[in-house]
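One chain is shown next in structure tokens, namely the form predicted alone.
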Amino acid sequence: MPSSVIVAGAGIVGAALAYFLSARGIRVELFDEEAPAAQASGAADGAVSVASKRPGAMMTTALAGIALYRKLARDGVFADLFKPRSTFLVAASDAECEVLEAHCAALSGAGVRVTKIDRATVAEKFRVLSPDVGMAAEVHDEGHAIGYQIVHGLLRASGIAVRRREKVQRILVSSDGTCVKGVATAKGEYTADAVIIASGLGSADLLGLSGTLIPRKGQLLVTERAPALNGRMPGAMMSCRYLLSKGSQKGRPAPARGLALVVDPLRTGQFLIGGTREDHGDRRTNDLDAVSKILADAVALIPGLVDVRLLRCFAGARTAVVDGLPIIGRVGSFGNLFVATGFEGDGICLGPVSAESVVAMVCGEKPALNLDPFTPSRFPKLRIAA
């Protein structure tokens, strides 16, 4: 077991790495170019969810991720930070109903607890929804968490102070080229027994992954408090178009700009409404066309939102991988260099459980998760940048 580890990146993955490493008594140096949760983790939609996943590695990992959130909530680490709730998939056209039927079958076949809700029951029990809704499905045992709160909760529990505004610029390699010995920043060189790269898009420069890791922008909206309407919604309402925007249906690629709809009732009485998945545009700005379309779709699905004011919009770039799967595991022939990046919008759900498995690898143990589908070796050009 190493006595010291350097982690690059203080988003949700880096914070979880710091927590699980420190819990084993390992000394951790945690670096970030800006500050904790300053990038994708601070702009997450908060869905600790399997509802939009297809059966396979991502669904399996998401189910493990949800289970870990529940455990950390019981243990007090995520006390009052994780809200258990269902996700409701909603279909408002014949085509969407067809997609939803197939998706429910896939979820159920993978062991996910799903309840289909017919048109009559929707009209009777979900009166907040438009009468155009033809069917819905409740995906049970999910949850919601606010990204920056989870990051700070993990850091608080770990007792680790982040080296803010100190970007890792280089990975230091031993003279014989067999292992790494630390990192270099503008402030100097730091040594450790192992190094883990979890710095999102910043991982591309460190590991020669330019063109493999790509920024994918997302725009989200937050409303004022509307407790009466909020209280009538039993969980997040996800249009089946969300599945298409993610490319979640087999054989359907994600468009360059996907406009989807998820309306999530927050504990504050507000609504979080999203969103977009975009491969272009300024990652920190919203645009009127996207915001207008999201709002129009939200009101069409939940007519009561017409009387609720929009408070703010925000945007952020998530780190995506060209093949749609995150990169997690040991880097090349270096026995003490690891990477965990490319989670796109799924970092909120997959980050902590992936970090737990990476820490097991760092300590010479077999991870609880099967990380083979996410192996860095699937990208032969991956290397330590000179």
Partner chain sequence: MSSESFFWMGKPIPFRAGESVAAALEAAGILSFGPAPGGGPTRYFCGIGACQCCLVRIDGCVREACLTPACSGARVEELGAADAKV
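Residue numbers count along the first chain shown, from 1. Every value quoted in this text rests on a predicted model; they were computed, and no experiment measured them.
The following text describes the form predicted together with its partner chain, which does not appear among the structures shown.
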Of 137-145, 69-77, 98-106, 301-309, which is the one stretch near its partner chain in the predicted complex, taking non-hydrogen atoms within 4.5 angstroms as near? 301-309
Of the options 131, 111, 177, 227, which one has a non-hydrogen atom that comes within 4.5 Å of its partner chain in the predicted complex? 227
Just to be sure I understand the contacts: of 187, 232, 170, 119, which is the one whose heavy atoms reach within 4.5 angstroms of its partner chain in the predicted complex? 232
Do any residues of 176-202 have a non-hydrogen atom within 4.5 angstroms of its partner chain in the predicted complex? If so, which ones, in sequence order? none
